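There is one chain below, alone, in structure tokens, taken in the form predicted alone.
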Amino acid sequence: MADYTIKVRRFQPESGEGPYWEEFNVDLDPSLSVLDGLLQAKDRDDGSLAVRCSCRAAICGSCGMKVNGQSTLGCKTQIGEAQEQADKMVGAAGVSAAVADSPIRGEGSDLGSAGNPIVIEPMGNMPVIKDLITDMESTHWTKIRRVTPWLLPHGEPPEREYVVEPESMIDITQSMACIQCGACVSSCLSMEADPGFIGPAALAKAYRFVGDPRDAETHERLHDLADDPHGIYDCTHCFSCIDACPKGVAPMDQIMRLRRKAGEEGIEDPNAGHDHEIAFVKVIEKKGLLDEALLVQESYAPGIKGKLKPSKRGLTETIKSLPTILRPLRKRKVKLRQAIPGLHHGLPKEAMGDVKSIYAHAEEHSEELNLYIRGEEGDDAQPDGAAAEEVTND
């Protein structure tokens, strides 16, 4: 047994006061979970401490919370590991502050001591009902319903079940693993900046039906999600949802698959998201570096034809982008020549050879690996006996 201090962010709405922090001392085996620590504090110290939990086996997804600032499941996080993380975070912060304040580089490197509080908070991007319990209905479940999370087959239903080949379901196995814990929603930076964003959990669920061979509304689903300004092109690729997911669903990967399928369907979204992706790839292939001024031009008026005869949409969107272009000029963050399309410098010629080889390799190896099925680093063990598969995107 070991002693730990957990620092919990409390919120008691019946008191009429705002949130506050409270510390509890618990004694547990290091292999037990953070949730066990919370339940011990609730049992021994304060019965009003509110926490949502059920299976305590990382299956139901009820005990989503933030531990040391990271969205996770309380039952999946061992309290010994959480203590190590808390000590590292405090130690690193102390060293950074000491180095910054010290005239001698490296002084204060021994700062930070064991036994720092394990910080526990409710999930982010959701209203807090009480203590660690958040209102998932108003955010998470509303957005899940937004993507029509059920099959929409055409024709008369069969006499029994819809039968499909097992291999045709491999692609969606990863998104089917979601337990709806909301950890990805809690950690999503796009939702923090734009609460209207449909979100990683709902979009991962959307791919579960877009990729299902029994569904007959694939084009309509993709058009709906691409046409929504808060849809698939509102994701900023921050990878936070991938880090937070306790089941390896990798929601951002499912969003990228939705984008890829929308592009294959020829859907022209009003956000110019697909055109922007193509332009980004072309600019990097041409210069090896990102020319943001050229990126704007190629996104809305691609190619020679777009420059000589720009569309109405291209002119409108380019004019809308002018404030974004002028802002760094006014603040002198960029030079004038950098704001003119095509004048931004690129990589040296010898370095461009490496860039070209990367592009060539990507074209020759166009497989998308589903790690949930394949396993990592050649691991032969497969979940639920599933065979290793690769999803090819030609």
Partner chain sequence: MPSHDVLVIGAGLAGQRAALAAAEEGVSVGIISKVHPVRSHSNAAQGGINAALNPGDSWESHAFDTIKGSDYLSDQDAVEIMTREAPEEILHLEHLGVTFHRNEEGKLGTRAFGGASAARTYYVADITGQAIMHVLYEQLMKYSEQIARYEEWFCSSLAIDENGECCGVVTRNVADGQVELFQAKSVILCTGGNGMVWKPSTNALICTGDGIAMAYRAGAKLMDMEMIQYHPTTLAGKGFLITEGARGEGAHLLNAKGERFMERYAPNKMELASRDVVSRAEQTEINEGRGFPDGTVALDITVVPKKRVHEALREIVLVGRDFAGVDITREPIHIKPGNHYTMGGVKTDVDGRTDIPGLYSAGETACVSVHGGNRLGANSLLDTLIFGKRSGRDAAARAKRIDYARASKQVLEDEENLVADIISREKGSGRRISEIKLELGQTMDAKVAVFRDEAGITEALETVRRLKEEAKTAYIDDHGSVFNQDLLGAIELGYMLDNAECTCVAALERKESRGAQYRTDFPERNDTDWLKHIDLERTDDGPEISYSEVTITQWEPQERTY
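All figures in this text were calculated on a predicted structure; none of them were measured in a lab. Numbering follows the first chain given and starts at 1.
Keep in mind that the form predicted together with the partner chain is not shown, yet the notes after this line are about it.
Among heavy atoms of Asn68, none comes within 4.5 Å of the partner chain in the predicted bound form. At least one heavy atom of Cys60 is located within 4.5 Å of the partner chain in the predicted bound form. The partner chain in the predicted bound form is approached by Cys181, whose closest heavy atom lies within 4.5 angstroms of it. Within this chain, Glu17 is remote from the site of the partner chain in the predicted bound form, having no heavy atom within 4.5 Å. For the residues Gly115, Gly266, Pro166, Pro127, the 4.5 Å heavy atom test against the partner chain in the predicted bound form is passed only by Pro166. Taking the partner chain as it sits in the predicted bound form, the stretch 240-254 comes within 4.5 angstroms of it through a non-hydrogen atom at Pro246, Lys247.
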